[in-house]
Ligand SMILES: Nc1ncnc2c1ncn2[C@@H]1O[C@H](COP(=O)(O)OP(=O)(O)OP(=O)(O)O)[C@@H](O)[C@H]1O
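Just one chain follows, in the form predicted on its own, and it is written as structure tokens.
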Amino acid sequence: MTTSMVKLENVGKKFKDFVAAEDINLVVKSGEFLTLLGPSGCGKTTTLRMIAGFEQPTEGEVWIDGQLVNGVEPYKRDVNTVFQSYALFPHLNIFDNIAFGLRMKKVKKDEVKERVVNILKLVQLEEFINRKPNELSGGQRQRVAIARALVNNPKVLLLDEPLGALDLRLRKQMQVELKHLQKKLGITFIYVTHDQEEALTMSDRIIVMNEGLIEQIGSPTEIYERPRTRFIADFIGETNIFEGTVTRKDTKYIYVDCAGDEIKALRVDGDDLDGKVYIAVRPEKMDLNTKITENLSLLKCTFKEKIYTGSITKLVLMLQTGQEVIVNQTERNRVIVEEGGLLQMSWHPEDSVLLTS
């Protein structure tokens, strides 16, 4: 049975009159890759720092491996933190940088050497053992920072935007390497990022935060496919959000008047909404349609422009209300359209997500 490694109960943090985090309740499973995701200032880094011990909660309790750690100094917690800035000692070579923490703990010399060499092999940097940090690339320095944290065999590794300083190609490469490393070691990772794609790529579960609160906890698929709020639907990836009014309901669908057209959405988990609602639909779930089909949701629109991005072409369409909508096309479903041409966008009701706020 999977045990909890980190638990936060009703945790909050205030800085004078500013509430950085409020009523945070979460359980991180042993061996899990959990990501705290949200925009700048949402409370994700503050939450991570409370787990690390760099900040003390104003209220609530922080537990690590079954032990209450409120008031416990960071160096006495069985966690290590990796920062975006690497925080390597420039005057020490790679071996000494990684060995520093072990030496502070008075680990025997032979064991220090063995553990440092083994961790360097794990992060594929053994040939750089005698180099200084300024002789390495950004990705290599980040691997050294991760190795320095892992060599102490922490129960939890905390990572605060560790890939933010890397270029796009290297960041994507490091995402894959980090995920493979975490699976191989089985260590609990708690990862902070504002990058939605990064969170979706790497995580077992994602916690979406906004204005100091947790808005949703779920798997990457749940967060992307079934967002609970407009904020999440809009923040995670690209989405179209339509405002409308519920006109009728049956056992399977809710029907909504939107810009004079009636569209429908699948009722999920007993949805019984009335009045004004919002419907979120991902651009890749939508298509262009010239024939009315009963099992699709349809909206009249006008073609405005197209944007070629390589693997997909983004069509910018405009509703009668003036709202712009994006539809993603691939070679398989590409439709030739002309500027100003009247069209119908369509999607399956099962791909609609009903939102009230």
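Note that residue numbering follows the sequence shown and begins at 1. Predicted, not measured: the structure shown is a model, and the values here were computed from it.
There is another form of the same protein, the form predicted together with this ligand; it is not shown, and what comes next is about it.
*Asks:* The chain here is shown without this ligand. Which stretch in 66-74, 318-326, 305-313, 35-43 comes within 4.5 angstroms of it in the predicted complex, by heavy atom distance?
*Replies:* Contact criterion met by 35-43 only.
*Asks:* With a 4.5 Å heavy atom cut-off, would you call E161 a contact of this ligand in the predicted complex?
*Replies:* E161 belongs to the contact set for this ligand.
*Asks:* Considering non-hydrogen atoms and a 4.5 Å limit, does this ligand approach V11 in the predicted complex?
*Replies:* The answer is no: V11 has no heavy atom within 4.5 Å of this ligand.
*Asks:* Please tell me whether any heavy atom belonging to I24 falls inside 4.5 Å of a heavy atom of this ligand, as the geometry stands in the predicted complex.
*Replies:* No, I24 is distant from the partner.
*Asks:* Quick one: is M345 in contact with this ligand in the predicted complex, heavy atoms, 4.5 Å cut-off?
*Replies:* Close contact is absent here: in the predicted complex, M345 is far from this ligand, nothing within 4.5 Å, heavy atoms only.
*Asks:* Within 11-33, which residues have a heavy atom closer than or equal to 4.5 Å from this ligand in the predicted complex?
*Replies:* Residues within 4.5 Å: F15, F18, A20.
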